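Just the one chain here, laid out as structure tokens, in the form predicted alone.
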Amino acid sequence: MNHRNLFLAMTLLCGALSAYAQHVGKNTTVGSNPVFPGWYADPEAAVFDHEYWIYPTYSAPYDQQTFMDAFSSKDLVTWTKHPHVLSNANVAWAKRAMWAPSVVQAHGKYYFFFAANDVHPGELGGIGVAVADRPDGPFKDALGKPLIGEVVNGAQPIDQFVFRDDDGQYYMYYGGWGHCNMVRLAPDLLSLVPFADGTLYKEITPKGYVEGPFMLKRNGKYYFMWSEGGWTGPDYRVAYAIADSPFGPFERIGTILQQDPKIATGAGHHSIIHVPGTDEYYIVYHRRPLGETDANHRVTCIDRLYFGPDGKIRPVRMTR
């Protein structure tokens, strides 16, 4: 194809994409990176009934961060926005700073775990759970209080991730301030149950951990991932460990996502999409545009995640 024909083909393609984006509606975007417009962080990715979902934090000052939107897609390319699937209007005890969703489907319903109020010792707040009949909500508070509202083992009750093991047991990994706990969830997902030794909380903090835990099981191995560095700075990044058990021990192997001075900084707080029936994985994360100084200016992006023949995760190459 000569240069003139190539230019003509690209012009037609861009025009077609633009027309398609207008056709599918104002709440729909046909994207690259970021995958949808707006300031969004801490994206939780899920697959529900052959449809992909992303539940991010609305990235704003804490007193404005009082609701969450969701985005759905059939193909990981075209995304439809579902505004305010959860807000503090449906959570009486949540007054500010709702963030870091973790959403699971169980018992014919959808359970939306979230952190609220940036809780410190002696304050009301922590990790709550809301429930809905649909993945787009509206989600309503299930307990009328936090599920976890106290600081245990030095871990601020934030950044929860709910993981279902192959035996059907649900675990929740959570924690800020450089400490990570895990707990067992009851079958109804609305309370905690003790471990075999009678304890409710186990600290599993790996070296370098700051926040944003995530668990993935692949080929019988448990891949535990977390964010390091400060979320407001350029050195925010994701590291990981591999273990034979959901309890660890988790020994840091290396960094899999970090800033690229040609693309973006502050890349972290991620989740993973596993395309059903394949060995294809995508990392969903937030990053900060180059030259941006506002800590809240974070955008949600998706890139491929690859495993080597030895099972280790290869460093992610960020793209536009």
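A residue's number is simply how far along the shown sequence it sits, counting from 1. Source: prediction; values computed, not measured.
Just so you know, the form predicted together with ligand FUB exists too; it's not on screen, but the next bit is about it.
Engineer: Where, among 153-161, 197-205, 82-90, 123-131, do residues come within 4.5 Å of ligand FUB in the predicted bound form by heavy atom distance?
Structural biologist: The contacting stretch is 153-161.
Engineer: Exactly one of 110, 223, 170, 231 has a non-hydrogen atom within 4.5 Å of ligand FUB in the predicted bound form; which residue is it?
Structural biologist: After the contact test, the surviving option is 231.
Engineer: Just one of 214, 71, 236, 114 has a heavy atom within 4.5 angstroms of ligand FUB in the predicted bound form, so which one?
Structural biologist: Result of the distance check: 236.
Engineer: Against ligand FUB in the predicted bound form, would residue 57 count as a contact residue? Criterion: heavy atoms within 4.5 Å.
Structural biologist: Yes, residue 57 is a contact residue.
Engineer: Is residue 269 close enough to ligand FUB in the predicted bound form to count, meaning some heavy atom within 4.5 Å?
Structural biologist: Taking the distances in the predicted bound form, the answer for residue 269 is yes, it comes within 4.5 Å of ligand FUB.
Engineer: I'd like to know if residue 240 sits close to ligand FUB in the predicted bound form, meaning any non-hydrogen atom pair within 4.5 angstroms.
Structural biologist: Answer no; every heavy atom of residue 240 is more than 4.5 Å from ligand FUB in the predicted bound form.
Engineer: In the predicted bound form, which residues of 276-299 put a heavy atom within 4.5 Å of ligand FUB?
Structural biologist: Going through 276-299 in order - heavy atoms within 4.5 Å of ligand FUB in the predicted bound form - the hits are 286, 298.
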